[in-house]
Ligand code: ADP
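Taking the form predicted on its own, here's one chain by itself in structure tokens.
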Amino acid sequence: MSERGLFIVVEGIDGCGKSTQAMMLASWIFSEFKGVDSVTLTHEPTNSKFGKNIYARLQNKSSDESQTAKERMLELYVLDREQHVDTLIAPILAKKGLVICDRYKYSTIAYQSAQGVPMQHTIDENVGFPVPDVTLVFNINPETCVARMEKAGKNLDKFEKIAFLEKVKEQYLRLPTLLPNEKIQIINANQSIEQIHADVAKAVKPLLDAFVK
């Protein structure tokens, strides 16, 4: 751990609660690990020109699922990630900082493969990016997520439908097998916020213990 900082990623389908858990995790780190003086909370897509293009496409209500559209989404996510890594993530890790990222390459792999892009192709397109010290995938029923987003009054985008989210969930659950050399842990998100946080803290505590030594 002394060679670079600590890189934690939270993942899961839309509405799974990962953003809430990322913030709770950051607060917990500050309260429990006095040797940590800063935590960078970031997310993907970013607000780069590529990220803005992605957001615009997600809000487009057309049902264009052509191979060209799928491949362009994959390309945009990878370009956005390259800029994110080069300008923020890699420099912070090089200075031995701590980064918590809400979505990363695993979202691209899960969502774009659920769209119909071959999964191995999505994996290959993301080779070379920094590998997180741990990736926490929040596993939850899609029905719960959609109900939660609707209750919050969110204007659902083209990917936030139960049938599609079920496909994405299945792709997420394949990741530990498809990426055996990466530390990917499935977290049961069909629990209370407090219990999910407890499971998250348990998963990352050994890494933080080593990080602050």
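Everything numeric here is computed off the predicted structure, so don't read it as measured data. Numbers follow the displayed sequence, beginning with 1.
The same protein has a further form, the form predicted in complex with adenosine-5'-diphosphate (ADP), not shown here; the description that follows concerns it.
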{"item": "adenosine-5'-diphosphate (ADP) contact in the model of the complex: residue 198, any heavy atom under 4.5 Å", "value": "no"}
{"item": "Close approach of residue 148 to adenosine-5'-diphosphate (ADP) in the model of the complex, 4.5 Å, heavy atom", "value": "yes"}
{"item": "Residues of stretch 10-40 in contact with adenosine-5'-diphosphate (ADP) in the model of the complex (4.5 Å, non-hydrogen atom)", "value": "13, 14, 15, 16, 17, 18, 19, 20"}
